[in-house]
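First, one chain by itself in structure tokens, the form predicted alone.
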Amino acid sequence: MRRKSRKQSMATIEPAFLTRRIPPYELLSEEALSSLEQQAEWLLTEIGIEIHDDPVALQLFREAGASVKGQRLRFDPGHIRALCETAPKTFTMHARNSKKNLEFGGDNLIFGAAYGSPFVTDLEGGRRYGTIEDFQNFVKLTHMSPWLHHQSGTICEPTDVAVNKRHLDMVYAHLRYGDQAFMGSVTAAERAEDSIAMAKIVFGEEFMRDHLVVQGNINVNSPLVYDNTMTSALRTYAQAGQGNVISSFIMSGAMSPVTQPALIAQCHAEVMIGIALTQLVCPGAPVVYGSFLTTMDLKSGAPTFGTPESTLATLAIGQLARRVGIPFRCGGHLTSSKLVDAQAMLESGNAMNCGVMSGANFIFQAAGWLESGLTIGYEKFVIDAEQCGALARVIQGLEFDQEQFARDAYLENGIGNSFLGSEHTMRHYRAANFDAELCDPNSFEQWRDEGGKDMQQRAHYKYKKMLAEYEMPPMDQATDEALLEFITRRKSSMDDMWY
């Protein structure tokens, strides 16, 4: 009965995306925020930023009034902020299933799956290189979770497919095995073009002229460098009127000074350059202000996650992003642990909670991340996804009305009696509390008699059950055939490359 009730509850509240009803945490004063902006301006004026091997991007900035010497760009104070003014404050991203369209910006919050891991792991197979089957599985699991709204992009690297061809299989998996919003390839301009071409087969070229359906995940090569791979992919998506998520991935002490104010201001400067470039290519192109700020172990050089310093940085950068007014993205359930253990959940909880409280509009890496991003775990994925549901309940906040104050329950029960059987409880029991399916609240004896399984073992059973019950979302047969024909044609036009 308990599980049946949970399914009924989830069916009534399953969101296409979330709307925040609690305020973001305001860590910094106006004076502190201004000082960070001034530091970012100083970096762009005095130090500058470089764009490597992309004369088109350099020319766009030159024509916009930047000082360009070789590959180094410098800007007058206020110039970059002005170039970003045409970026939309909110926008809609269309999914294959229109009921799953997403609204970026404002008080909206979107959770997406992990991104970029070359390895996968589960209790049966252990740690191994990812395959296209793993990739498809994670798209299916994302599709089945009511708390993941975005399919992300390279959920894992399908290393059994040639490097120069795997993007075709990945985009097909996103389009065929799921029907939510997704990201295309960014590892080369032509792969971004293929991603857009495949989206046009599904959504229609005319529709995509005025509607966002695919994004590129663009990472700065910190400190203070954009390379041609990223800027050419960025320009490809923006030119097509599609989206970009511009993210600065900085570990303080390695890719920035070790102190957090320097890290935060550098992130702000780097991201604003990418946002400005999208607007120079196509004014009004949808773009997300992204950050991925963390620390490192200064003894070993290893990345660390969920630390107090990275929490403070995320809260601060969220405030800066809100001042710009562009939808904000940050990291999610991040950990350097290799296992689904106490370290993994402690670090993941710290990192995810501060992202939610920072006012983020888009949190991907929200499910599956292990080993500093080198691995995506099946069990970790479903545990993280369930925690996204718990956080979704938190941002709903509290309602205050006569039904919530439950005066009829007091009148019915009187004093000293249990409320379990009251009419008020019966009206609300299905949805009153978030039901964490993977947590075991039973007695020790019942837990023992049912096998004494820990959460990772329960999660293993759950993900296997989900994949067994997966149903492919419908797609017109002619559209599917056109996608497969495009893939066959593109693959036959090039030899396999494995590096």
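For clarity, every value in this text was computed on a predicted model and none was experimentally measured. So that there is no doubt, residue numbering starts at 1 and follows the sequence shown.
One more form of this protein should be noted, the form predicted together with a further copy of the same chain, which is absent from this view; the next part is about it.
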Interface check vs a further copy of the same chain in the model of the complex: of R322, R81, H211, R393, the one with a heavy atom inside 4.5 Å is R393
a further copy of the same chain in the model of the complex has a heavy atom of only one listed residue within 4.5 Å, and of E133, E399, E124, E205 that residue is E399
Quick check: do K69, D194 and P474 each get a heavy atom within 4.5 Å of a further copy of the same chain in the model of the complex? no
Quiz item: Does a further copy of the same chain get within 4.5 angstroms of any non-hydrogen atom of Q260 in the model of the complex?
Solution: yes
Quiz item: With the cut-off set at 4.5 Å between non-hydrogen atoms, does D227 touch a further copy of the same chain in the model of the complex?
Solution: no
| message | in the model of the complex, does A432 come within 4.5 Å of a further copy of the same chain, counting heavy atoms only? | response | yes
I'd like to know if S418 sits close to a further copy of the same chain in the model of the complex, meaning any non-hydrogen atom pair within 4.5 angstroms.
yes
Of the candidate stretches 227-235, 272-280, 158-166, 298-306, the one with residues having heavy atoms within 4.5 Å of a further copy of the same chain in the model of the complex is 298-306
Restricting to 435-450, the residues within 4.5 Å of a further copy of the same chain in the model of the complex through any heavy atom are D435, L438, C439, D440, P441, N442, S443, F444, E445, W447
